[in-house]
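As a starting point, one isolated chain is supplied in structure tokens, in the form predicted on its own.
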């Protein structure tokens, strides 16, 4: 039986931007994935509606709009639970249990890998998925290689590199630009820009 290969792109996506989409597409191509799940993280109800931040519903809608034109991108709301607390290891174990014929590729940035030891139950994450790390220009390759080797040995983890064009862009930067009245065209898909304008998001941060 041929096993399925599914990528997972998690994040707060506040807002999702072109860097996230390029990362997902690069993983799809490089690892011949069947699809990539975009999984917005839930925010606890008491943090909902904080000044300058989008709500869970708004973040979800922005992801939906941003990935709509890509047939192998899919929105997954597994981490949008009622209390807003979602742990990666639980999500991955649930997916594996529901889809035993699938190998999951958990996509993360090199910065996140540096703190992987501090995540909740890193061993269970390593057991449940192949970890795919996007390289970044500002991180020396030796540091990244050393960390990958260390974590691979410590957790018996399968950690692989993802070669991507480096886009030094962040959601916080986009929020700042919007609050300053700067344009975000080409950094965010057009349907999403229209939604951000309609909802008057990020005007004040």
Ligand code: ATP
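Numbering follows the first chain given and starts at 1. What you see is a predicted model, and the numbers here were worked out from it, not measured in a lab.
Beyond what is shown, the protein has a form predicted together with the named molecule; the following relates to that form.
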Region of this chain that lies against the named molecule in the model of the complex, out of 143 to 151, 61 to 69, 167 to 175, 29 to 37 [heavy atom, 4.5 Å]: 167 to 175
Residue 194: heavy atom within 4.5 Å of the named molecule in the model of the complex? no
Report whether the minimum heavy atom distance between residue 13 and the named molecule in the model of the complex is within 4.5 Å. yes
At 4.5 Å between heavy atoms, is residue 127 in contact with the named molecule in the model of the complex? no
Can you work out whether residue 80 and the named molecule are in contact in the model of the complex, taking contact to mean some heavy atom pair no more than 4.5 Å apart? no
The named molecule isn't shown here, but in the model of the complex which of 117, 111, 74, 103 has a heavy atom within 4.5 Å of it? 111
All of 19, 23 and 135 within 4.5 Å of the named molecule in the model of the complex, heavy atom check: yes
